[in-house]
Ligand SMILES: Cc1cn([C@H]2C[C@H](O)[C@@H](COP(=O)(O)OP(=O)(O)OP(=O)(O)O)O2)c(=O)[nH]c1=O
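Read the single chain below, which is given as structure tokens and is the form predicted on its own.
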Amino acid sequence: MRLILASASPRRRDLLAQIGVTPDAIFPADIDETPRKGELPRPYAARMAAEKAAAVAGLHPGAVILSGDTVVAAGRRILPKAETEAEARACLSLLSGRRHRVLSAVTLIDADGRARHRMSDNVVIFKRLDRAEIDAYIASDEWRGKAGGYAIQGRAAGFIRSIIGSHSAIMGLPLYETRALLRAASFPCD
């Protein structure tokens, strides 16, 4: 079986390696990731993972397609993948001293075209950040392209008081759920 990862994320590749899986190809999906008006974080994450997988499956019939999407949510609000310093600063200021959710959706389309979906729902609690901490984190440039303007696997780990859920899901791919999907599709892991 040929496995195609519908993501350009190096973190997802590294996480897959932890469960003994190496994709045969990397083929990022080219889809519109704009949330729909009034769309809530959980359905948005699920829709993004499913649409990414479907877009790539259409180009690679007979392959196993794995996609994921990670959404940082403050209440009903979907935080952006920060692309500017202003976006990152706004996200960090909003998350400072409070809890938020990280929703990590995974879709696997097997060789027969059957789609399976899983979701990991996690809670992250940030310490209260002072201006100097936010400034230093912005200067690190680690936030660029990251949902919610931070990466748990980097310097931002020092901002996190606690997590409830899956560390790998917060990084971008819930390994428990991913392994279960791969095994259900008879794809070898471990």
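Throughout, we count residues from 1 along the sequence that is shown. If you're wondering where the values come from, they're calculated on a predicted model, not measured in any experiment.
Same protein, other form: the form predicted together with the ligand, not shown, and the subject of what follows.
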Counting only non-hydrogen atoms, the one stretch of 152 to 160, 55 to 63, 127 to 135, 35 to 43 within 4.5 angstroms of the ligand in the model of the complex is 152 to 160
Does Cys189 reach the ligand in the model of the complex if we count a contact as any heavy atom within 4.5 Å?
-> no
Applying a 4.5 Å heavy atom distance criterion, does Arg11 contact the ligand in the model of the complex?
-> yes
Is there any non-hydrogen atom of Leu181 lying within 4.5 Å of the ligand in the model of the complex?
-> no
Report whether the minimum heavy atom distance between Arg89 and the ligand in the model of the complex is within 4.5 Å.
-> no
Which of the residues spanning 68 to 82 lie within 4.5 Å of the ligand in the model of the complex, based on heavy atoms?
-> Gly68, Asp69, Thr70, Val72, Lys81
